[in-house]
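Here we start with a single chain on its own, the form predicted alone, put down as C-alpha cells.
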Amino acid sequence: MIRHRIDQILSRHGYCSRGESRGWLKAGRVKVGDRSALDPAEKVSVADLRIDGEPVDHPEGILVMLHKPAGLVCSRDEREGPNIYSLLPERWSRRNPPITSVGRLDKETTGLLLITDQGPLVQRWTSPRHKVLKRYEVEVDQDLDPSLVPLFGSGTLRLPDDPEPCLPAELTLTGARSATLDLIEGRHHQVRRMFASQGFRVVALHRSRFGALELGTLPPGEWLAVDEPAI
C-alpha cells in the first residue's frame, strides 16, 4: 500500500499548503483512522485519512461532466469575465495539478464540458488523431438550405485562413433553422465558422455529446462525476 506524507496529501488535494498543514493537525481537523494526526511528516495511506470527518476528496483524480451555461468563459483570466470554475468546489482549483477543462466552449455556447485534473486525459481527448465525436445543437438566423448536408459531409469545406479543409461532419436538419452537427475535430469556433462560411449566423449553440458521454437532463450550472468514457 502506497503511503504519503500527510502534508503532501493535504497540499496535493487542495486543502491547504504544506506549511499550513500543522495548523490543521493542531486544530484536530485531520485523523488517521480513529486517531488524531499529530505529525505532518507521518506517512499514511490516503484511504486511511479523514479531513473534517470526511475521506479525501476524489483521491484518484477528478473527472466530472459540467453543464456550462451561457455567459461564462473557460479561461481563468479574470479580465475575460466570470468563468466556469466558479461553479465547482474552490478546493479543486488548488489541487496539484489543478482542474482544467477538456477543450473549451466559447462564452455564449452552452452544454457539455469535461473537467479533470488528469493531464493525460486532456491530451488524449483533445488530440486530433483520436477523432473524438462532439455533437452540437445549432440554431441559425435564417432557413437552412438542404445543400449544406452534403457540403458539410464532403470533407471539402474550407474556412477562411485555414489551409486544410474541414474533415467530413454529419449535419442533420431538425427544423427550418435548427440542426445537429457531429464533428470529430475541434478548430477554433469551428461550428460558427462553418455556418458563417455559407452565409448563416449561429444564434444558439449547445454541445450535447462528447465521445460516449451525453449531457442528458443535467441542469445548467450543475456537474456530475463520471467514469472515464470510451472515445
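Everything numeric in this text was worked out from a predicted model, so none of it was measured. We number the residues from 1 along the sequence you see.
Below, we refer to the form predicted together with ligand URA, which is not included among the displayed structures.
Trainee: Select from the listed residues Lys43, Lys31, Arg201, His189 the one whose heavy atoms reach within 4.5 Å of ligand URA in the predicted complex.
Mentor: Spelling it out, the residue with a heavy atom inside the cut-off is His189.
Trainee: Just one of Asp145, Glu80, Glu139, Asp106 has a heavy atom within 4.5 angstroms of ligand URA in the predicted complex, so which one?
Mentor: If I apply the 4.5 Å criterion carefully, the residue I get is Asp106.
Trainee: In the predicted complex, does Leu205 come within 4.5 Å of ligand URA, counting heavy atoms only?
Mentor: Yes, Leu205 is a contact residue.
Trainee: I need the one stretch from 190-198, 171-179, 57-65, 43-51 whose residues put non-hydrogen atoms within 4.5 angstroms of ligand URA in the predicted complex.
Mentor: Partner-contacting stretch among the options: 190-198.
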